[in-house]
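What follows is one chain in structure tokens, specifically the form predicted alone.
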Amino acid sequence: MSLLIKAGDIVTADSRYVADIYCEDETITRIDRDITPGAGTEVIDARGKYVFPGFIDPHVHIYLPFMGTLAKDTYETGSKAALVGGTTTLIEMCCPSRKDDALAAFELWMAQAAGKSACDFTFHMGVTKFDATTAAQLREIVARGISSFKVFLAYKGAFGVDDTELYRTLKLAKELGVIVTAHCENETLVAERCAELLAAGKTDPGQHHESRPPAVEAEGVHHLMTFAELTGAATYIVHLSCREALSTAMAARQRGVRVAVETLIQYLLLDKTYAERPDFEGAKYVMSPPLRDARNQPVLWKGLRDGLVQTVATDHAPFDFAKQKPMGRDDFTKIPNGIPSLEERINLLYTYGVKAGKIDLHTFVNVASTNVARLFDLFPRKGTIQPGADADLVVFDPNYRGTISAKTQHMNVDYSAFEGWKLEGRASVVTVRGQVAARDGKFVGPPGRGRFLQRTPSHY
């Protein structure tokens, strides 16, 4: 099987040029001008279009038991939505509860994806407890190809770890060369503030922000940074939302703490007024950390431009507005958290980032693909366009004009957080390892072709 992409404007994190890309046996084998295709080669005309390396979402939830319900997407639906939007690799959070066995949980999450995902995938292994069996199980999981852990400093009693467990997780990660991704909020402050708000009769979705204001997130970051400094572990802050948290992380980085930062497309474009909408509409926009005051958005965009923030993810967690979000109609703490955006991350980042002049094309590729691949041991197999790399390619049409709507999305959820938003540009052709998987907003590839990506830890 061979594929030739002709005369595209190739853009990577550090270069830009017009050339042809020839792909054989799932990899890029040649980049040159005026390549003559061999017999049986599929040819895609990319003149007037960009060609990007396949985008990687470093933070998604596909299989997610949470707050007494299940997220709506499966790998059959979620991977198709990802590909239509230009994302060719997913890194899912494997999130067992504290009562679950780590190795059994890893195998359960793997079973949800293997043979079902249309795009390639891997996992961050959630560490939600650290007992006598945990270290041996985590070593086995790393041996099977996982090179990142996930800890929660929130969700007390469900996913959250205590300080002893945090310290031991980071020590083991340092020994193994694993990077630790972390949800940073102070769980005690969240629990106390939730109880106070409910006792005062403040139950609407807008109160979710008041239960965990920026200081609560910044304190979570500070806490993680102290432990990271003392253990020497490499860390990655997921879904950072505000100036206070970023300042705390940067102060630690200046001290030599090993920390990378992720923000979300939601924080760049939405603000807390969305969660304050009346008639329970705000529930569509409840996530943790919450959407912040709009004044944080220029800070995060500048952080991307300046290299302070390394990645843009989605924390995709789809829950239906009609039947699942109302679990918290009379108690905001029971609203299933998540703003689904897996399908639209790249289109939104291009339209409201690149086209709006907030980031350039190279930063766009870097934060949505290359940096992710480097941080999580996928580079140069993923995240770039060069001979030997997987032929995950996005032919992107900057002349496309369209509108986001739940009626046309592939995500298995009954609303869009970006309903009616205009787009200027989208993926016209998306390939996974040299095979076309999506074309002009439709999934056209074979289901179940996605491959588990084994990774070797490198963060020693």
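The first residue of the sequence shown is number 1, and the count goes up from there. None of the values given here were measured: they were computed from a predicted structure.
Omitted here: the form predicted together with N-(aminocarbonyl)-beta-alanine. The next part is about that form.
**Q** Name the single residue among Leu166, Met287, Leu90, Cys242 that comes within 4.5 Å of N-(aminocarbonyl)-beta-alanine in the predicted bound form, judging by heavy atoms.
**A** Of Leu166, Met287, Leu90, Cys242, the residue with a heavy atom within 4.5 Å of N-(aminocarbonyl)-beta-alanine in the predicted bound form is Met287.
**Q** Going by heavy atom distances of 4.5 angstroms or less, which of Arg426, His61, His410, Arg433 would be at the interface with N-(aminocarbonyl)-beta-alanine in the predicted bound form?
**A** By the 4.5 Å heavy-atom cutoff, the listed residue in contact is His61.
**Q** Thinking of Phe66, His183 and Asn337 as one candidate spot, does N-(aminocarbonyl)-beta-alanine come within 4.5 Å of a heavy atom in every one of them in the predicted bound form?
**A** Result yes, every residue of the spot touches N-(aminocarbonyl)-beta-alanine.
**Q** Which single stretch, out of 78-86, 269-277, 370-378, 152-160, brings residue heavy atoms within 4.5 Å of N-(aminocarbonyl)-beta-alanine in the predicted bound form?
**A** In short, 152-160.
**Q** Find out whether any non-hydrogen atom of Ala317 is located within 4.5 angstroms of N-(aminocarbonyl)-beta-alanine in the predicted bound form, and reply yes or no.
**A** Contact check for Ala317: yes, within 4.5 Å of N-(aminocarbonyl)-beta-alanine in the predicted bound form.
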